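To begin, one chain is listed below as structure tokens, in the form predicted on its own.
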């Protein structure tokens, strides 16, 4: 058996290469929630990438998380696609939050077509953001969405049941939404850094 050498001695003697991850560039896509932006390495949504949002159930307030972003993008006359939402979005409610609904298209798709429709919209380069609710999506399908978001320079938001939390995911950002005792987000995975401990509360109002 070879001699055991202390790692710190090797480091001091410069005999071990120090790998350093490339710094994460600042995001130009703020979430609209100051506390969440502060907790994310890039200071906002990962650009040209997929964010996976895990839910305890549909309709727990998940759209509150992305409405500030949708409002900002649509006010800039940029298109947003909403694919197979479990509930029809309340137009008046979205408009009250600043979303320009003429820039929003809602696509009703069957279970087998949700991923295909989302991928085509992301790849097109004509959408600033695509929201999708696939009921079945394996690692390969999610990876295709991640690549499509990068190709089309778009934000992808994929809403899934939190039972998938233990599965690996190619998403650049993975959030788990919790509704008790109040609406809050747990960062499960984030590109460019370690997820912070604890949760980030989504207090009333946004920045």
Partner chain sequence: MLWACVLLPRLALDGVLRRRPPSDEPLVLVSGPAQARVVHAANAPARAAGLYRGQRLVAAQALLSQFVMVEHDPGDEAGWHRLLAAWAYRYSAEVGLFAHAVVLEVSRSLNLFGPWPRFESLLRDDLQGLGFRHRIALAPTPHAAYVLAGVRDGMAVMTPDALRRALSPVPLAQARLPPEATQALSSMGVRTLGQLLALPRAGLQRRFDGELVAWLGRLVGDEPTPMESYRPPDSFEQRMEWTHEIEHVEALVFPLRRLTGDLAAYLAGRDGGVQRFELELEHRSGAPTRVAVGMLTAGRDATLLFDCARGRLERLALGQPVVAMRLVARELPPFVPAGRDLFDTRPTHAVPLEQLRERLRARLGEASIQHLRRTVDPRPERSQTSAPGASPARTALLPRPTWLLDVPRPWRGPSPDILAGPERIESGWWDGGDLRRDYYVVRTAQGQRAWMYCAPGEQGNWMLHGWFA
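Predicted model only: the values in this text are computed from it and were never measured. Positions refer to the first chain, counted from 1.
We do not show the form predicted in complex with its partner chain, though everything after this point is about it.
Comparing 164-172, 32-40, 138-146, 59-67 against its partner chain in the predicted complex, the single stretch with non-hydrogen atoms within 4.5 angstroms of it is 59-67.
By the criterion of a heavy atom within 4.5 Å, residue 134 is excluded from the residues contacting its partner chain in the predicted complex. Its partner chain is not shown here, and in the predicted complex it never comes within 4.5 Å of any heavy atom of residue 129.
Shown alone here, residue 75 lies farther than 4.5 Å from its partner chain in the predicted complex, counting heavy atoms only. Within 4.5 Å of any heavy atom of its partner chain in the predicted complex lies no heavy atom of residue 71. Scanning 70-105 for heavy atoms within 4.5 Å of its partner chain in the predicted complex gives 79, 81, 85, 86, 87, 88, 89, 90, 91, 92, 93, 94, 95, 96, 97, 101, 102, 104, 105 in sequence order.
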